[in-house]
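Just the one chain here, the form predicted on its own, laid out as structure tokens.
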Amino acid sequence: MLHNDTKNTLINLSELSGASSESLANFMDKGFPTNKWEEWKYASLKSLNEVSLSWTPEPVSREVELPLFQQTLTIQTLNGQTSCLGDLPKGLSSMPLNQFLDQNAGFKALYDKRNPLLEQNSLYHLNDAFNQNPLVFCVEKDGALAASLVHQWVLEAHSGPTAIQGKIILYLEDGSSLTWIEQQSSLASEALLFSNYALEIWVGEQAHLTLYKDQDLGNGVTHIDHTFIYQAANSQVDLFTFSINGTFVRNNLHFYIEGPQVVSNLNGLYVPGEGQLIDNHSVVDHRMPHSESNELYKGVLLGNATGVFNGKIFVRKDAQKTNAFQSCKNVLASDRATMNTKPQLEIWADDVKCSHGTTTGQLSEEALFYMRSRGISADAARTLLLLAFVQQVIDKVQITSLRDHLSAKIISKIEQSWIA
């Protein structure tokens, strides 16, 4: 139960004067998730219910280094404040949600009838209370941007425990395409930092979205990422989530398949280390026929790391001819690491092809012996075997500079774990 002092603080915050009373009340009634909630049994945030958080973060004090990828535009959200660096490219518009709804009746109809986003998710309601009028980035009909958009989500706590909220909405009109790169990071700080971010996406008919998430957060950061994707007929989404660092990282990922002939590809790679927990919760909701989803997650757990994977696939009664596949494979690189997995299928249609499966194991002693017998050191052998295990996900990244960037960070983290 949320501490009374926190409730009083939230009620009196000027930033929440125009917030949805329903959203705020929902959060204050339930508080931060605990392990008594089924969806949070392995990843409790109970301790935050008793923490006195600052809900009005100060601006980031340092200049943030720009990414090296080829991008059309860099968008920065620094401690919850979003801005664009440079002019928007042709085919892309941006404006606050309220203004966008006034000018786009078609999107307003979609937005108003959006479905409940997640059970047992008081943190989304908290985010909604703080973000009543987020920025919308819209790619015009049949538009294709020349290069990717990069969004930098950057956090910094100046003094004492700090909470940071933020939300962005993407809208791809019919026939458009977009590559969006999320870089989530934090600047060095000794204070606890609670990050609560939402990305809501609508993908129009025959539109194509490629979404990369690079999560590399510092010690002391608790990061909750809510990503909700609605797909219309004949659309395709290719999603990649690379969770590399963070004391506590929770990814709430929902796909809503709203039309036929939809393709949804979900790829994830997580490498938690000493004292870190990474939790991936995915839901793929097939509501229309002739759709396809492919889910591939791989995890390498180092030190005393904890990993969680909970993947749900729903196939509704009308979603005949659905193909839905889910795979989660993990390697415990230490006998102190823990992995919790829960793949789920709920099928109400009778003409479908669906499968799910999960494995968790350790490195092959035979393979290690073979490599050692050929003069390769123990640490180098373990590193090579782990890289071979995750390469299937890394190789799917189509942007060479991004692929190299991610590979270098993953290799460095694995190598450092043998030293520690």
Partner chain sequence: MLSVKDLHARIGEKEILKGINLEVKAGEVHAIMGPNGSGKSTLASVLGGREDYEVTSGSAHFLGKDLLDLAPEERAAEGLFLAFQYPVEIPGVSTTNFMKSAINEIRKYRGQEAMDAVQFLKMFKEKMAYVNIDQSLLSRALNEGFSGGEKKRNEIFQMAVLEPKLAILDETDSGLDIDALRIVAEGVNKLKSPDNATIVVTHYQRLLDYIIPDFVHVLYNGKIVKSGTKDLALELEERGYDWIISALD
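Residue numbers count along the first chain shown, from 1. From a predicted model like this one, the values you see are computed outputs, not experimental measurements.
From this point on, the text means the form predicted in complex with its partner chain, which you will not see here.
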Consider R374 of the chain shown here, and say whether it contacts its partner chain in the predicted bound form, taking contact as heavy atoms within 4.5 Å.
-> yes
Is L384 one of the residues lying within 4.5 Å of its partner chain in the predicted bound form, judged by heavy atom distances?
-> yes
With a 4.5 Å heavy atom cut-off, would you call E366 a contact of its partner chain in the predicted bound form?
-> yes
So, in the predicted bound form, is V64 in contact with its partner chain at a 4.5 angstroms heavy atom limit?
-> no
Contact segment among 384-392, 27-35, 45-53, 350-358, judged by heavy atoms lying within 4.5 Å of its partner chain in the predicted bound form | 384-392
